[in-house]
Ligand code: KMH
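Coming up is one lone chain in structure tokens, specifically the form predicted on its own.
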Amino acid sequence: MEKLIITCAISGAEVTKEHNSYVPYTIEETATEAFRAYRAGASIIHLHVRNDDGTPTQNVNRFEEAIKAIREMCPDVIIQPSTGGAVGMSNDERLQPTLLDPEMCTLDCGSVNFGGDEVFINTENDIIYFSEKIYERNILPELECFGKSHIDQVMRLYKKGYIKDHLHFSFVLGIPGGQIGSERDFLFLKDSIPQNATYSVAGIGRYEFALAELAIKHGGHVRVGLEDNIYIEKGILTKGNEELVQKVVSLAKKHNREIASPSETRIILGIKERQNENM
């Protein structure tokens, strides 16, 4: 079984310090949380950025500041900016961090009813537009899927040539309006993607570690972080992203999965091959 890729989603756009005081807002806090997650075993940092008051932003200059600060502390980590942004942002606003030519970024592959009046819109034309902009810059998209219909959307666009190899999925399970995080649902999604694709699982809230262990056992990869879950145990707030990553590392050891370094992650996901093509 290949080595385990751990992604850490260190802040997100919705969770706040009122939920957990370790949620980073400032550039210094963001870099420190990224470093601690990297030190614990994360090879990919899934990056949202905030203004100092905690409001989410897709401003390219803020992303540039954050990426520079993270690079100074962990030069070889893979930084994966979010193009999800926050509900209500325009497509071009959401795409701003791709102007910095990161190795990876996210590509949301369908719409979701987050609850109440909040709808995260990603039409088919939106997905095509995002994919064109992402591939123009030779960035590897992580295909964010909140349910089976999103995987079906990916495969339709893959057959039409809009989405290209290598296919790396992220199953985000347990979001209101999306697919729940049961073992049945995980297995259904895992068995719905091509055999040569890779996948990571992000379990939201109480689903985080149960899904992490399932992914480890079945040869998938794992995403954890304060964006997805603020607890280390039921009712016990985590002391930052590092503690969440450490728990995944302990689960990996239990199942004899070694942890992938950033350089090994680049090979597993085909990022290294993309880099070689550009040389």
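Start at 1 with the first residue shown and count on from there. Bear in mind that the values here come from a model prediction, so they are computed numbers and not experimental data.
Separately, the form predicted in complex with the named molecule exists; it is not shown, and the next lines address it.
Remark: A13 counts among the residues lining the named molecule in the model of the complex, judged by a heavy atom distance of 4.5 Å or less. Not displayed here, the named molecule is kept clear of I180 by more than 4.5 Å at the level of heavy atoms in the model of the complex.
Taking non-hydrogen atoms only, T98 never approaches the named molecule to within 4.5 angstroms in the model of the complex. Put simply, E103 is far from the named molecule in the model of the complex: not one heavy atom of it is within 4.5 Å. Among the residues S200, S131, T83, Q153, the one placing a heavy atom within 4.5 Å of the named molecule in the model of the complex is T83.
With the partner omitted here, the residue from I204, V87, I193, M73 that has a non-hydrogen atom within 4.5 angstroms of the named molecule in the model of the complex is V87. Proximity of H48, F114 and E227 to the named molecule in the model of the complex is complete: all three residues have a non-hydrogen atom within 4.5 angstroms. Shown alone, this chain has one stretch from 103-111, 133-141, 160-168, 184-192 that lies within 4.5 Å of the named molecule in the model of the complex by heavy atoms: 103-111.
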